[in-house]
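Structure 1 and structure 2 below are the same protein chain in two forms, each given by itself as structure tokens.
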Structure 1
Amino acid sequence: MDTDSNTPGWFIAGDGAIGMALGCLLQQQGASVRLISRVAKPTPAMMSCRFTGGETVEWTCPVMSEPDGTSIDRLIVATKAYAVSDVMDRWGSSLAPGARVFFLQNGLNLDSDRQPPPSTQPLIVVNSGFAAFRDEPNHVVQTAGEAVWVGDGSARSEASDPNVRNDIACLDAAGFHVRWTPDIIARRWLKIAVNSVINPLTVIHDCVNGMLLEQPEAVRMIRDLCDESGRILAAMEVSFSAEEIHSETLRVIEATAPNRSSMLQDHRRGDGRHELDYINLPLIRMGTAHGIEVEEHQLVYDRARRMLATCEPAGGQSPA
């Protein structure tokens, strides 16, 4: 079992709903956990999590906002995609040789992905079934707990490093149901395709995920976007069809029905940061590069971008 006495602890960058839920699950299994926050907070922080079975767990956790000389062997980056660069800039030098860095983001930055130091092991996490939301500053509600995929892009049938295999076993035992896959790049594109539908449509219709299926325009747009994504992924030789994308999109909407999407949260917060260029833009660019019409995605991108313009960050990217 992963405990303080025999293995290094877990550092979780991002004290949002997913980061807090993960931290609670790991601590319940006896792991040492430290949350990394973008801003300084009182430490230890007192938090609570309500899980899918109805149980509420009260817990406390150390919170760090600046490196303190501690060497990090296991880091989960559970931030929005636009915050990854800041995390790597601030914490990259604290990563020990061989450290495992789990990137748990909804999107992809095609222009300037920050990578951890070359001596570390970056791992891609595709969260297709674990969901939570924060209904109070220090209280999280888990709403789904299905499979989560992890891989390193090598197409190996299992992780070559026993430390990675141990990490996966620890996460799985804690209730974050992680499965290694040699097909992580394809699964990441499937996740991007799904999120490129749900996220901007919840902004456009100003609603929680589940309400998209109650609006005829949104239902039509979901189908059209999935069809177009199927053509894009086929051109990329990614093995998920339009029907599979549509089915997965509906499954995620239903599994996360009461949740506000990350993009809707960004829009409502209105502090100048959002994920449109990390979720929708990569798919548009890949379609254009492969000569695929991206009319539906471009229309949704433009419509959502106009709505997000009130919180537009300086230096935003364009589809061109």
Structure 2
Amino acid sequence: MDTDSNTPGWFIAGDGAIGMALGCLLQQQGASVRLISRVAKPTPAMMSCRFTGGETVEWTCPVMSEPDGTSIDRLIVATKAYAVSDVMDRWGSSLAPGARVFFLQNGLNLDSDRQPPPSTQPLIVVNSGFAAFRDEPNHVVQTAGEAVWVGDGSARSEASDPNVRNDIACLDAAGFHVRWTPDIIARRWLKIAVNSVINPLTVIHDCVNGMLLEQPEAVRMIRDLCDESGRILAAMEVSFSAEEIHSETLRVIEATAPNRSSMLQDHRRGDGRHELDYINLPLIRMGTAHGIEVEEHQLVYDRARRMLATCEPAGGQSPA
């Protein structure tokens, strides 16, 4: 496993909560890290992270917003789903042949034609275990550090490329506990099904996650949405039942009870950017494509969309 700065470094697109926390962890492990921001910023940036153990780490890191000719061997995309196309447009041509590109987004863009170049290796990370939030522009607080899943969509029981295995070992050693799975596509759908309940309902009810279980209307909607998701996933031959989706949804709500969901944070930020079309819309579209009734999901989508639209700039946003 490489941990020193002589090996090609880690580029992390997205200097937000997850990007900063991951960058700090990797750098502490001895890896070379560069953060990629959306807009030009002073470099190096001075940042701090408070980890779940209570330790606060001050760190500095080069930040770039435009390619400078450096060839990228490993890229972590830690932006929101709506920014992935922009990252690929700007950085895709800097990726070296064989580069590993880790996508950490909640949700999915069914329309995307902006994939990383075919010569690279896209890796899907389903993050149900590592959580962080920004409480100041350059300060993040990690709130969970459990295992997360990674895979390439193949049924292989481990990554075939030793570079990918090495990357996973580096991330794990740093504290981002990545586990390879041949079931990444099913796990992503499970995560989408869970998020498609918690995220919009916290916007609709304007509450932290745990309070959903204190509101009878929300409790009924959770049950109905999970049942509908179970029928959609069954039609797609994804192996998670309505009961499993429901119990995972309740587990996540209880484990994250005091947290504001990312969609509620997006709503409160009020700049019109959110992940509803990447979390709820894919389920609705897959259900419709398979002839499954999606009434509950459509109702929740429409309701949350109207609320999120109140903070959207003219023209709204669409998955691009």
Ligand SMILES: NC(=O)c1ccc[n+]([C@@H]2O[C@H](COP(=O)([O-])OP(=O)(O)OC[C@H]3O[C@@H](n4cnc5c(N)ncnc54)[C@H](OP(=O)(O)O)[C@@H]3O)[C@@H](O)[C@H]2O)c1
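Under this definition, the rigid core comprises the largest set of C-alpha atoms superposing within 1.5 Å between the forms. Just so we're clear, the structure is a prediction, and the values are computed from it rather than from any experiment. Numbers given to residues start at 1 and step along the sequence of structure 1.
Annotation: structure 2 represents the form predicted together with the ligand, while structure 1 represents the other form.
Core-superposed comparison between structures 1 and 2: the Cα of M236 travels less than 2 Å. The Cα shift for E136 between structures 1 and 2, taken after rigid core superposition, is smaller than 2 angstroms.
Relative to the superposed core, P162 undergoes a C-alpha shift smaller than 2 Å between structures 1 and 2. Once the rigid core is matched between structures 1 and 2, the CA atom of E214 is found 2.9 Å away.
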